[in-house]
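Given next, in structure tokens, is a single chain: the form predicted on its own.
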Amino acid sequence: MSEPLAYIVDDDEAMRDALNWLLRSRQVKTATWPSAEAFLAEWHEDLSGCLILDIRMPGMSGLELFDQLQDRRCLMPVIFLTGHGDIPQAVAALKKGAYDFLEKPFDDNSLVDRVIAALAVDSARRSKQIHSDEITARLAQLSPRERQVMQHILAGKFNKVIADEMQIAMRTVEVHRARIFEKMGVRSAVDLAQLLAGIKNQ
């Protein structure tokens, strides 16, 4: 996972420099690109942070870059910088999942506040994803029989009922239950249910 940054994509060098200075003055680390094409060429799924994107640029526009990133399932928050005539397009982008837009000329503090908020959103989402990946890895350690027993446990059934329904010894169910709890890192059926419910709700 890369270090979280505010990625500034704007064809106006003076604007890039101004945004770079502004954000760094508030301890927000940045990286800049002069075009949508240049950013897209270097984008990869491990980039973390948020994207500050000029809506109008020569060549590929900010909106076109946004569409390309969505096609690539990029979930990084995107803040559009717009001129007055671009507001309808920016609103449409919000409906498609953009994080926010600010109209030029914008208030410096408002921009930085929105960037910091977007960085927090991205960090929280990535933390949840890491947690979800860890749980998925634990599930992968379960044997097919342990998965069967786990489904019965999640249904709230007692060991004797599970043994009768699966036609195995109750001691075998107890062993499976203990191994499931150990592999999943839980102490009880309630803990197990809560752990799995957490990844379903993400």
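From a predicted model like this one, the values you see are computed outputs, not experimental measurements. Residue positions are given as counts along the sequence shown, with the first one as 1.
Just so it is clear, the following notes concern the form predicted in complex with the DNA, a form of the same protein that is not shown.
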Stretch from 34-42, 49-57, 62-70, 160-168 whose residues place a heavy atom within 4.5 Å of the DNA in the predicted complex: 160-168
Contact test in the predicted complex: R177 vs the DNA, heavy atoms, 4.5 Å: yes
Heavy atom of K29 within 4.5 Å of the DNA in the predicted complex: no
Q151, heavy atom within 4.5 angstroms of the DNA in the predicted complex: no
Distance check, R138 to the DNA in the predicted complex, heavy atom within 4.5 Å: no
